[in-house]
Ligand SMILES: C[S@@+](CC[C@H](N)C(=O)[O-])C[C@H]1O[C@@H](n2cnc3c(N)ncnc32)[C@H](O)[C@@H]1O
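Taking the form predicted on its own, here's one chain by itself in structure tokens.
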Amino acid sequence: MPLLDWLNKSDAVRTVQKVPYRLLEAVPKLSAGDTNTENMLIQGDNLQALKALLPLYAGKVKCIYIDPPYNTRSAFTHYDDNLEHSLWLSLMYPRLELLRELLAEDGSIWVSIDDNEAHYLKVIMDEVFGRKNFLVSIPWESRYSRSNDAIFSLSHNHILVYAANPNRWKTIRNRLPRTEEQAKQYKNPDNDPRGEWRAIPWDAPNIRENLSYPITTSTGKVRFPPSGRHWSRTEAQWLEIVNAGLAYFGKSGDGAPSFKQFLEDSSDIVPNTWWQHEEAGHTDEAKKEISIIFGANNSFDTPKPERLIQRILHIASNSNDLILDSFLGSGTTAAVAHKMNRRYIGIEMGDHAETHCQPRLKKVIEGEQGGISKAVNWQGGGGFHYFRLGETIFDEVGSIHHNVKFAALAAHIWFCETRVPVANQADSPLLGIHNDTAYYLLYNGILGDRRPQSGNVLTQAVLDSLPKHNGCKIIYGEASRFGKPRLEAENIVFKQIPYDVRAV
């Protein structure tokens, strides 16, 4: 397979290995709603945030949607979209690598882009995700008005779609409901009591002798397939159509054979590759949605409409599936996922993670009625946790970094084990009890003895000093003096620091 090369590509390919694992530090005052939620809003560089998520969510994300900078050589209010071409490729490559690792076996990734980098992006995504896993490039009609001062009036952007496993994804992807316009194709000219229907032709391209049998119309006329064509199914199947009262030969009764497909029996439709603004929204609609939330003078230049994201998430996921957007922007993907009852992780590096994404999601929880709210009957509820990137977990030799204090490591371990942040800053070896399992951390002299090893090793004396729990106990420490039979007898699962701390 041909590969794209650019200045400093070798560095871009090695970038992921150089990125350190960082702690995710919860910011309770910026979280909102249900505290038991798994929804996450992360402020920080998305490369480091994706690396931090890897031990927790590798292979678990059902749908990834990103809307990265388009490299259009124009300055945007909330981020710099003016990157030299090779720098843009070096920015995207390692992030795509990490997104690939997070994608579930039956998951898909959707990337919005325009003509400036679309074709280069296609080539590097072929390299990262595999050319055989490319599904489609969807032209989305992002604008409906015409620019008369342009050489060509821009009407569309691209959405590149890849699946981790196309054959498996095809079996789980959802079709789209019929629109009112599509439903108008069904009529009832003969007042059939079964309702509205449309005629589906019985002929098909090419010539197959076994599918070229005679068909007798309702007036007695005998018909064969048109020149260069054959009937679409066998004669036995046609007779089933006749016996079911579904055969139709036009108003005259002796026209070309077809069969009735009733509206109530028709399935949802297969998504096509041309997404018109009437069905998937447009940029003016998106700007209006954002202006209503943030005000006309405090919105984004290039937001995506909620209907576009709704369409993607409908096709690619189901209720409670995990959605990820690592270029969250104004928060549209997270807002739509929340309203559609998906779990989500949104990552945004700028201050607007706090000034735009957080208040927008808070409004969603409160029941805001913009965008798709009425279409999905959104009434509010749910919650999200706000995080920032914290200290690097490991030093250059693989030990817990000396800057990582007990409370920070405790919060990381608790989140890794339970997927929810600690309610309060940990100041006890018992971090908490979740689903009848107690979690303990022996680290940094938490038991009061500051000698290097004392208190960080599981011994009988240490076990006796820990807060009691009758159920399963998971204990993190530097070493254990208990053998396997003793651990089983005490209902203990011991995990060794740093090797069992999930960030490797």
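One rule holds for the numbers: they count along the sequence shown, beginning at 1. What you see is a predicted model; the values in this text were computed from it and never measured.
Omitted here: the form predicted together with the named molecule. The next part is about that form.
Taking non-hydrogen atoms only, Leu328 approaches the named molecule to within 4.5 angstroms in the model of the complex. The named molecule is not shown here, and in the model of the complex it never comes within 4.5 Å of any heavy atom of Ser108. The named molecule in the model of the complex comes within 4.5 Å of no heavy atom belonging to Pro271.
Taking the partner from the other structure, the named molecule in the model of the complex has a heavy atom within 4.5 Å of a heavy atom of Thr332. Annotation: in the model of the complex, residues Arg95, Pro303 and His352 each come within 4.5 Å of the named molecule through at least one heavy atom. Among Asn46, Thr37, Ser31, Asn456, the residue placing a heavy atom within 4.5 Å of the named molecule in the model of the complex is Asn46. Remark: of stretches 124 to 132, 272 to 280, 194 to 202, 342 to 350, the one touching the named molecule in the model of the complex is 342 to 350 (heavy atom within 4.5 Å).
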